[in-house]
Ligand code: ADP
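Next up: a single chain in structure tokens, the form predicted on its own.
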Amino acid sequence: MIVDETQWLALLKKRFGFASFRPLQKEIIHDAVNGRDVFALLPTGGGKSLCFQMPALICPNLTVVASPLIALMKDQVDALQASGIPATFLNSSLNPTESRRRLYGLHTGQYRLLYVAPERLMLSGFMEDIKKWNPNLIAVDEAHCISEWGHDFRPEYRQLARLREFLPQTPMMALTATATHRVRADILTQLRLRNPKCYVASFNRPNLTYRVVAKSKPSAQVLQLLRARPHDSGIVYCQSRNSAEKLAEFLGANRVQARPYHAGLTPGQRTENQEAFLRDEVRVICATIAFGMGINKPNVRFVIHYDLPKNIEGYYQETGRAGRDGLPSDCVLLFSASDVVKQTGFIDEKTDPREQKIAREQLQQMVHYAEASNCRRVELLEYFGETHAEENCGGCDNCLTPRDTMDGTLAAQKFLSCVYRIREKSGFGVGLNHVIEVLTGADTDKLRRWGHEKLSTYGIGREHDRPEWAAIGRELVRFGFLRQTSEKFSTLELTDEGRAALRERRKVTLTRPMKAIEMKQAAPRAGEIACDEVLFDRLRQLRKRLGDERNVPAYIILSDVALKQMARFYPSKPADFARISGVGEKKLIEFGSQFLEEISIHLQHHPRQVFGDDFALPAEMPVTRMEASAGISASIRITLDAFNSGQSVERIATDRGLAVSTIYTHLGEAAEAGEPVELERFFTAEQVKEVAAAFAANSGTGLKTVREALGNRYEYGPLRIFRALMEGALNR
């Protein structure tokens, strides 16, 4: 165990390529390493994963991570292995042979991190295995899934409450990116965390720009935004499967690479479309909310909500998938009053009155956000109980281009008076639509049945159409002049504040309705890195080729942040490359020469651009090795690291696009150079005796003679490794 915390920064740079921790990461890691239960609420992109990945490297035993999605597991394990960290996952995507191989690796201590689905984790036989492995930490990722108050409740997560009984001495960590106070309390109770240290980071994502646009020909609006960002990838969230399909088809017909993603597709189709998006083979996913949780793609540059989300928590989570790397990204919501009616219809179909009530409250909050005229960042942060220091965030439509206002005193007086007169005559409240029908002088049986066509306020509001009155009514609710109930038949009631405004004829300023404006790209935001865009594009192409060669998404190689830093500072030697964000020891060895060469070629044909000094790389970091000790090449080191992390020779060959014989040659040369190579991976105890006897009987001869003496039952690769290890042992 690495007790000295001063060594943690060196480990962070070596394995993950970062020169410093993000806010709260070090404190969370410290508590976890010292055996304390932890609850961590960090926003998407805030570095949750590192909070349990670092303890896995600091402590000697296994760290187990309960994770909800197969895609998330594979993605994180790919990223960890690319950084030289022995990690694996177990889920239904693996065939029995591969599962057994990984279980063997777990039993022999080959891994430091294990990702597993909650339902598999809680199997009695598997729990017994975990007890034997004596884990130093159990981490529950996406912990909000355990709460029925959360936006993505998953019943299988409730089983995790039994972890405390099975592993009473093992510290637990619960992590989530979004949770209200009610959900946080539920997580602590359900997981039975003991005296946990709770960390809540700011929900603010300064690199995200939030915009709400009046919905008008939405497919064309989406296309307009995509054409303004021709090289960026993003997600468009749709309410229905049909909308997702049709939008993807429309975009494809307009030469935008797009795929749908929804529960109506086969698992194979969903996987194929998701992989194509992760690997930058298509740049847009048109999806229902079935897509996204745990998606680790850091360079999502926009998230568009084609339809109104059901609640703010889900909206925040979905917009949080943009700009995980800290670079500027857009979040656009297309809003129409008809979407409110549609969502209300879905709520009415629910059979549980309690569920209906919660859903209506959440929808009202969502509509309040969409129609608000003040800072959207302030609105979001207040929902999660956080205060934003500035009234103008400079990063939302209402702050960048404030909407026009109007003197709404007369309209407010008419609306409030109508609510008052209806209750005075009938003795009960009515809903928003009924009030609007009275104001606009509608001729309906319902109005005549209650005598509301005889009210003094009947027909006094014909200067506004129904949608305009609906917007006015909802704004009066936001001002606190009216209270809207969340029962099945939602009604409006005057508040004390509303009665005072009506009685005193207070001046009321209303916001003019949103107009369907053009969906242009937003102005530069926090996190922008000015760079040589031509070089950045070249580096992206190189990164894509390297990812394809290794069968992993391009961002696993290096992030957009790393490429932009390279395209700004033009590193020319390994020591400079090592200072780039995300470049640790293994990536320095594996990719340094290729990126440095690409930069050098670019500078032969293009002048070096000079940028301001507003951004700087961290101080020079020690370069470990472009060529490993004992004469081992960088390529051999990559093979050895992959082998020692538990990967088979065949898997390494496939991942690296090399022949199996080449991988055996690498391992043989590593063994000859004195590097440890696990012999038991190739030979049983009985076979070791047999092979050792053959080498002894044929001393001084070549491998061909030894192999023939063994009846040609062993390949040259393992025999070469055996000989190297045997000779090394004799020489020590």
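We number the residues from 1 along the sequence you see. Predicted model only: the values in this text are computed from it and were never measured.
Although it is not shown, the form predicted in complex with the named molecule is what the next lines describe.
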| query | finding |
| --- | --- |
| Interface segment, criterion being heavy atoms within 4.5 Å of the named molecule in the model of the complex, picked from 58 to 66, 686 to 694, 38 to 46, 701 to 709 | 38 to 46 |
| Residue among Ala673, Leu50, Ile70, Val677 with a heavy atom within 4.5 Å of the named molecule in the model of the complex | Leu50 |
| Heavy atom within 4.5 Å of the named molecule in the model of the complex - the one residue of Asn392, Asn296, Asn91, Ser648 that qualifies | Asn296 |
| Contact flag, Tyr716 vs the named molecule in the model of the complex, heavy atom cut 4.5 Å | no |
| Contact test in the model of the complex: Arg324 vs the named molecule, heavy atoms, 4.5 Å | yes |
| Non-hydrogen atom contact Arg22 with the named molecule in the model of the complex at 4.5 angstroms | yes |
